[in-house]
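Okay, so we've got the same protein chain twice, two forms, each given alone as structure tokens, structure 1 and structure 2.
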Structure 1
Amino acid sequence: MATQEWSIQEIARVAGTTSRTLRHYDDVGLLAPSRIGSNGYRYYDQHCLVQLQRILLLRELGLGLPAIADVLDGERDSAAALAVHLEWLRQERDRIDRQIASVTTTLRKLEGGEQIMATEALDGFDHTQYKDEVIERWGKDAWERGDDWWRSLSDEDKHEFKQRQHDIAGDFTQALKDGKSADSDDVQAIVQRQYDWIAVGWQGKRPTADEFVGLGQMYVDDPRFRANYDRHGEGTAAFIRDAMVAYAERVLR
């Protein structure tokens, strides 16, 4: 009546896997042998073989062992498990597709002789870097509006926007080097440009005095902003903050 039994290697060959895998499935409680000899040997029967073949089938479809265990234990319908898995597979494929697109783009740029690494990386104004802070300070809507706006820009516009900021920061540094005070007219003129630049980034919403002061303080507190400004010259971030505070007092209040 076919009450046959196999040793661990035999059933491994029957099912097309390895004995190590069988021991692993035993260890993690996925598939226990039907009998264990007094010598400790594992023996498997027909029922085990069926279970094992189910396991291997689901595994080939890419399911993880815990998910397979759920199906075998009857805690989850196999169709449901496969449907969930299918969704995961689709997301994985999308992720890889996006990576392929990124790599392809990068490769084209490299072939065009662009030095992506040194320049773009040093740019320091990848706006997505500030996502969490923006959301925390001004809410999720503000971030999404800003993000939409940023994405809507052409590469040229983006570059121009960042270039403006770069020039402003450079001028601040020069003024600092020249010994000008933060509330001098020269420096306040630079602050005016900074204010306008921010207003563009805010899509026309002009910062209040408090908001402007808050921004200036953040340039000093947040190491990412500080690094970006101090890149032009040490102390620039603090200098800009002082100038912004003076501007807020004199012009915005």
Structure 2
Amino acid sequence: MATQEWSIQEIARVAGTTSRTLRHYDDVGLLAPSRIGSNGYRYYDQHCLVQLQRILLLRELGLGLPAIADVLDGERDSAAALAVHLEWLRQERDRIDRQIASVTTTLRKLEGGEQIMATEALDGFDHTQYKDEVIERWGKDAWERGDDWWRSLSDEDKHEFKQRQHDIAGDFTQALKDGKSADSDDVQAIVQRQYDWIAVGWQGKRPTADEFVGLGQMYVDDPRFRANYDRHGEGTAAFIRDAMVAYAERVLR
């Protein structure tokens, strides 16, 4: 029985990515095609599909390509690895279900004039869920400083901090809609606010040029950040990244 294969265009379409991305995955040793035809076309079999699914799941966790390569290299058993991913997805589904229930309850009580309970309104919203990820990216000290700082804030301060970022993202979106370039003076003024906002969250530590550029790239690469920024307007995450790169070159280097 012949093994079913799919062309690179078919795989890219189903995965919601691009042929260029799949070729890049091959270049960095993450996903080689099962074969390359005499016409130069790349084809992918079932094994490739499983490997791509694992890559996409790890990207959902916010891992960069080098970290994904390390994980895949250490997980030769695809079934066991997918079982771990499945458990994470179930936990994430449960957390989102709790958030939906929390917001639904809050809305119902607001509309009915009922007293809102903190345990109901905040169920499912827990910044510590990202503890391991922060430690992996920036170290244990960074997590502990950030966690101590966040817990020290009043509810009003936390709301103000989040609102500042919401306003900054909205201004980026408006600048994009107005056709302004990422390196224009107006947009760079918004980036300055973004930089200052990040420095507050880093307890006064000023991001270096490379750190700032890396954060901007993460806004595009990490589906969670990209979705958060692009909800203001499609393409906002990429626009912010480009603006942050321009700022790093102009101000930080």
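Rigid core (definition): largest C-alpha set, two forms, superposition within 1.5 Å. The structure displayed is predicted, hence computed values, not measured ones. Structure 1's sequence is the ruler for residue numbers, which start at 1.
Pick one: which structure is the form predicted alone? The form predicted alone is the one given as structure 2; the other form is structure 1.
Checking residue 43 here: with the core superposed, does its CA move 2 Å or more between structure 1 and structure 2? It does shift by 2 Å or more.
Take the rigid core as the frame of reference and indicate whether the C-alpha of residue 52 shifts by 2 Å or more between structure 1 and structure 2. Where the cores coincide, residue 52 still shows a C-alpha shift between structure 1 and structure 2 that is 2 Å or more.
With both forms fitted on the core, check whether the Cα of residue 26 differs by 2 Å or more between structure 1 and structure 2. Indeed, residue 26 is displaced by 2 Å or more.
Shift in Å of the C-alpha at residue 16 between structure 1 and structure 2 after core superposition: Reported C-alpha shift between structure 1 and structure 2: 59.9 Å at residue 16.
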